[in-house]
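The form predicted on its own is given below as one chain in structure tokens.
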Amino acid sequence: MREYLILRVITKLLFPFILLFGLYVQFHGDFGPGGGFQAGVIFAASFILYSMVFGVQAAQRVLPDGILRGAIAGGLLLYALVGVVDLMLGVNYLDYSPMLTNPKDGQHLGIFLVELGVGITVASVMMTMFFTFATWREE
């Protein structure tokens, strides 16, 4: 792989800002457009950019398969556990109102946790798919 100095410098400069924008989309999701899916795609796109510039092996050292598989399961588990907590509180699955004493605050907490689970899962699945296809021809 040829080394392109300008691409490497620009990627190193943009990478934290792309991640920061992903966090903004994640945390702004219950107040406006955005949320877990969009934030997960932005996070994955930043790591895909990193791996395209610095190589797939370098990106896999940052995000090994074990961490990605754990994040897939953890995000899905977080989503499901929010619903199970609601069932244990005696309401419908994913009815967030009784999660806190104030129903509006309970709605915000529930939506935040569900969107966080979605974001973690989407980013991890996209990175796993990218790594699988990127290394498929090498084996």
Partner chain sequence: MAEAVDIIILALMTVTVIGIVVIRNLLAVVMLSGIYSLLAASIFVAMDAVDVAFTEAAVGAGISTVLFIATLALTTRIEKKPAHKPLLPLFVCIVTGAVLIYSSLDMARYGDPNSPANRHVATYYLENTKKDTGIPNVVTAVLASYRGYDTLGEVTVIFTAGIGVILLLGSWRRGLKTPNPHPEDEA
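Please read all numbers here as calculations on a predicted model, not as lab measurements. Positions refer to the first chain, counted from 1.
Quick note: we don't show the form predicted in complex with the partner chain, though the next part is all about it.
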query: Partner contact for Tyr93 in the predicted complex: the partner chain, 4.5 angstroms, heavy atom; finding: yes
query: 4.5 angstroms heavy atom contact with the partner chain in the predicted complex for Met129; finding: yes
query: Contact of Ile111 with the partner chain in the predicted complex (heavy atom, 4.5 Å); finding: yes
query: Contact of Thr11 with the partner chain in the predicted complex (heavy atom, 4.5 Å); finding: no
query: In the predicted complex, residues of 67-96 near the partner chain [heavy atom within 4.5 Å]; finding: Arg69, Ile72, Ala73, Leu76, Tyr79, Ala80, Tyr93, Leu94, Tyr96
